[in-house]
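Have a look below at one chain only, the form predicted on its own, in structure tokens format.
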């Protein structure tokens, strides 16, 4: 363990396609998000366990009693003030009971993920916590070798981490699907660049799910084909992602963009849209970008696909035809005309993204430019982490 202790991270998640349809037996495509939760574990002093959570106070005696009872140790019950603390206490007690006492440790957690936005922040937290506590009990190895920046656990140990993270998710959510912690554990390989936007409009997943069910019961002949179409979109998107090389080719993006547009219309049809999400889609469309809601809808977050900063040859030829003044005004020979224009247009997409971000922020939304297809739970050397992350963990 380094001077900084054990450093672990896990990604959040977004749903590309399949929101709500998955509740009715259809496919959903959940992918790892480039925004991560980070955890630092280091030896503590004395006989105490300490955990530092942003905005969450220390566990109370009543919370500890509840968890002791939950783990089979008699104690008077009392409602917890914090689900994050409750999950920590449960996982610590349960893992200790199975693998031996967790030694005195000091745990700090810091996250790039907003909470309550449907981005898998709780699962990223429980995945990190499971990995750290299992390591502290020596139930899993430490795969990071001297001189390595990052490392990941072998498959059987990842399975163990995932199973304990799911138990933590059960404490927090009651009856989770297991998708979020699986994405946080294993991640996803294909990488796409997205703009993630939080409309900051609160919503109730339970109410939205009930509303979709009511529509299906009321108009089954209309709604069931919509769900079938959403299912087909998920399958088609998965096929495209599997076909994409490591460095995505621009030719795939028009297909992905069309799937975004079609699915967003479907989600409005089933009743989970919101004026804030419509505004998000209009703003990004005005800059030539394609967006859809992600998660429960009714507000919450939306994702915008960011294609590579390239243009097709057809677009370049069209630009040559209509540009004014003509390319001859540029000091380059005719054979280099398209290359010169390609160079000039290469920044078009970044400029459009920056303009879209400004307009979205002007709407009162919050934006992050990030990746999907991030690695799952990862062990880090301190040199592999940004100074911002190390500083946040040291300040916790």
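Remember, it's a predicted structure, so these values are computed and weren't measured experimentally. Residue numbers count along the first chain shown, from 1.
One more form of this protein exists, namely the form predicted in complex with another copy of the chain; it is left out here, but the text below deals with it.
Chemist: Answer with yes or no whether residue 210 is in contact with another copy of the chain in the model of the complex, where contact means some heavy atom within 4.5 Å.
Modeler: No, residue 210 is distant from the partner.
Chemist: Consider residue 206 of the chain shown here, and say whether it contacts another copy of the chain in the model of the complex, taking contact as heavy atoms within 4.5 Å.
Modeler: Flag for residue 206 set to no.
Chemist: Is residue 228 one of the residues lying within 4.5 Å of another copy of the chain in the model of the complex, judged by heavy atom distances?
Modeler: Yes, residue 228 is a contact residue.
Chemist: Considering only heavy atoms, tell me if residue 268 and another copy of the chain come within 4.5 Å of each other in the model of the complex.
Modeler: Taking the distances in the model of the complex, the answer for residue 268 is yes, it comes within 4.5 Å of another copy of the chain.
Chemist: Choose one stretch from 161 to 169, 119 to 127, 214 to 222, 297 to 305: the one whose residues place a heavy atom within 4.5 angstroms of another copy of the chain in the model of the complex.
Modeler: Only one stretch passes the 4.5 Å heavy-atom test: 214 to 222.
Chemist: For this chain shown on its own, do 233, 236 and 282 all sit within 4.5 Å of another copy of the chain in the model of the complex, going by heavy atoms?
Modeler: All of them do, each having a heavy atom within 4.5 Å of the partner.
Chemist: Find the only residue in 97, 243, 142, 255 having a heavy atom within 4.5 Å of another copy of the chain in the model of the complex.
Modeler: The residue in contact is 255.
Chemist: Name the residue from 83, 262, 102, 201 that puts a heavy atom within 4.5 Å of another copy of the chain in the model of the complex.
Modeler: It is 262 that has a heavy atom within 4.5 Å of the partner.
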